[in-house]
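Here's a solo chain for you in structure tokens, the form predicted on its own.
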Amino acid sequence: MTAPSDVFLPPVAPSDVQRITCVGAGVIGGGWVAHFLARGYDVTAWDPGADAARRLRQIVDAAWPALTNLGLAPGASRDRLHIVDDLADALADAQFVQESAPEDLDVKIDLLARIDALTPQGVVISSSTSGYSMSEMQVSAANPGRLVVGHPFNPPYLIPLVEVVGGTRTHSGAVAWASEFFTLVGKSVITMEREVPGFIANRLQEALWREALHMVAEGEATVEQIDTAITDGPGLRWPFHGPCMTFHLAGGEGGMAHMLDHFGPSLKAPWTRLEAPELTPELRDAMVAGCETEADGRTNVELIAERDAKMIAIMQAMQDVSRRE
């Protein structure tokens, strides 16, 4: 990522932002809307899809009980959501923009250029892309220096992680501004020094996902066994320690050094496959059937409510532990 020599001058400091525009209001965009509303901002949303307004309000309403349980910021209200039909109207007085359009490169390139043309000078524009680099997406923008990636995890209104990185034409000041802003709105921010396809968390998640597909394809494990292996195994440690600290602790008094010296040769063992399997109709059907079996008749709405409640319990428990330390 390069930093242009000119000074980056946003119109407001991250702490002074009051009005946010969300472009795209599907699952990710709607989750962002709910999060920003819960943090006490005025949010304007635009989405060209049919029945977008109703679907967005449904997303926000579904998220609100969880957000209320987690704790709303002073002034937080669903009444501060404004849904407009015209993109120019949505961006006219924006102080920060979060784009969450479908993951299509041509769509992203065109939309980010339009957003850039309509957004007040200097306002940072962030993309929720889950895989494209900003260097790829900013090619048609007249002011690419203010375009950054702000990659969230679903649901954005609960999972705190946001990965921030600029493109080759992004100003370093825009990256710093976005990182500070996301921190202020309650996110756990990773500011990446360089672009990596898929960013950090998605690459780690993808490796696990590909190995799961391999095991189902080879008949080595069922969908339910794979999920249980994580939820009742290493996943219980992950809210507190990531894989690196987990292995550090596995090394005992010698820490990571002992773990690597002792277990390093096992890295050559055939414990994983890093090439994606062929997604055959049979594998696709096996994955679908396995998830239906694991859902055991519960609808997606019921599963989401159950997931949110459990995540809140974990997050509240972690907060309680931190207060006692």
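Here, rigid core means the biggest group of C-alpha atoms that superpose within 1.5 Å across both forms. So that there is no doubt, residue numbering starts at 1 and follows the sequence shown. Note that the structure is a prediction, hence the values are computed from the model and not measured.
What follows is about the form predicted together with a further copy of the same chain, which we do not show.
S.K.: Is it the case that Val12, Ala53 and Gly167 all touch a further copy of the same chain in the predicted complex, with a non-hydrogen atom of each within 4.5 angstroms?
M.R.: Not one of the three qualifies.
S.K.: Sort through Ser140, Asn154, Ser172, Thr183 and report the residue having a heavy atom within 4.5 Å of a further copy of the same chain in the predicted complex.
M.R.: Comparing distances to a further copy of the same chain in the predicted complex, the residue within 4.5 Å is Asn154.
S.K.: Identify, from the list Ile83, Leu118, Met215, Ile109, the residue with a heavy atom within 4.5 Å of a further copy of the same chain in the predicted complex.
M.R.: Looking at the other structure, the residue within range turns out to be Met215.
S.K.: With heavy atoms only and a cut-off of 4.5 Å, decide whether Val43 touches a further copy of the same chain in the predicted complex.
M.R.: Contact check for Val43: no, nothing within 4.5 Å of a further copy of the same chain in the predicted complex.
S.K.: Spell out, yes or no, whether the shortest heavy atom distance between Gln316 and a further copy of the same chain in the predicted complex is within 4.5 Å.
M.R.: Yes, contact at 4.5 Å.
S.K.: Would Thr272 count as touching a further copy of the same chain in the predicted complex under a 4.5 Å heavy atom rule?
M.R.: Close contact exists here: in the predicted complex, Thr272 approaches a further copy of the same chain to within 4.5 Å, heavy atoms only.
S.K.: Val7 near a further copy of the same chain in the predicted complex, any heavy atom under 4.5 Å?
M.R.: Looking in the predicted complex, residue contacts with a further copy of the same chain do not include Val7, since no heavy atom lies within 4.5 Å.
S.K.: Of these, 109-117, 84-92, 141-149, 190-198, which stretch puts a heavy atom within 4.5 angstroms of a further copy of the same chain in the predicted complex?
M.R.: Contact-bearing stretch, as computed: 190-198.
S.K.: In sequence order, which positions of 23-47 have a non-hydrogen atom within 4.5 Å of a further copy of the same chain in the predicted complex?
M.R.: Stretch hits: zero.
S.K.: Does superposing the core leave Gln18 with a CA shift of 2 Å or more between this form and the one not shown?
M.R.: No, because once the rigid core is superposed, the C-alpha of Gln18 moves less than 2 Å between this form and the one not shown.
S.K.: Is Val27 one of the residues whose Cα moves 2 Å or more between this form and the one not shown, with the core superposed?
M.R.: Where the cores coincide, Val27 shows only a C-alpha shift between this form and the one not shown that is less than 2 Å.
S.K.: Is the CA-CA spacing of Gly29 and Lys310 tighter or wider in the predicted complex than here, given a 3 Å or more change?
M.R.: Farther is correct, given that in the predicted complex the C-alpha spacing of Gly29 to Lys310 is increased by at least 3 Å.
S.K.: Your call: Pro155 and Arg298 CA atoms, closer or farther in the predicted complex versus the shown structure, by 3 Å or more?
M.R.: Compared with this form, Pro155 and Arg298 lie farther apart in the predicted complex.
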